[in-house]
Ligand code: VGL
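Before any questions on how it binds or moves, here is one chain, the form predicted alone, in structure tokens.
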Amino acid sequence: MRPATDALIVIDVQNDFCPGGALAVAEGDEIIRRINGLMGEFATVVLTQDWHPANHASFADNHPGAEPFTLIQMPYGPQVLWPTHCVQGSRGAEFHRDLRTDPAHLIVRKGFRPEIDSYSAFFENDHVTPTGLDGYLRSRGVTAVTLVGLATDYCVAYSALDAARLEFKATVLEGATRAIDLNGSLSEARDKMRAAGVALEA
């Protein structure tokens, strides 16, 4: 058992990010057994869930003529336009059937504001609007977080960077994550995490 000050944060292990999903991450389902095994080691377990309305501004389908995986400028900065995914109440937004959800103490839904995307478990993509996770962890005495899930180079990395910025000791278990790796995004994310003091472990 890890110290009571450590929390496990499981990022977006949902059907749409697993093979066969609308925004599938290669081998995304292969990390689930390890994640399930980790849950019993932590006194605090948090799951995050992408939870988009159908009219979300990050969906390419909501920008006539736009192609998925292209960049546009939003008021909060550059935004990748994604295939429509994790729409509220859809099968794609559900957690993968093999993921244990019973040990979770909190489920954080993110990305539900139509006008702004939300990769991080802690903040929307404006880096200002909080999800409430910071306060929840502090109220439980958590000082260190271990992050796993999907995808390494987007929601996991953004969460880890915010955790470090909030002065949590942050560790990413890369063997329990998988990446999209869009135009070198994995290498860039790893460099940013290392520079921020995030520990990258196997």
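So that there is no doubt, residue numbering starts at 1 and follows the sequence shown. All of these numbers come straight from a predicted model, not from anything done at the bench.
This protein has a second form, the form predicted together with this ligand, left out of what is shown; the following refers to that one.
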Quick one: find which of 163 to 171, 37 to 45, 145 to 153, 129 to 137 has residues within 4.5 Å of this ligand in the predicted bound form by heavy atom distance. 145 to 153
Examine residue 95 and determine whether its closest non-hydrogen atom to this ligand in the predicted bound form is within 4.5 angstroms. no
When the contact criterion is heavy atoms within 4.5 Å, does residue 119 count as touching this ligand in the predicted bound form? yes
Is residue 180 close enough to this ligand in the predicted bound form to count, meaning some heavy atom within 4.5 Å? yes
In the predicted bound form, does residue 82 come within 4.5 Å of this ligand, counting heavy atoms only? yes
Counting only heavy atoms, which residues in 32 to 70 are within 4.5 Å of this ligand in the predicted bound form? 50, 52
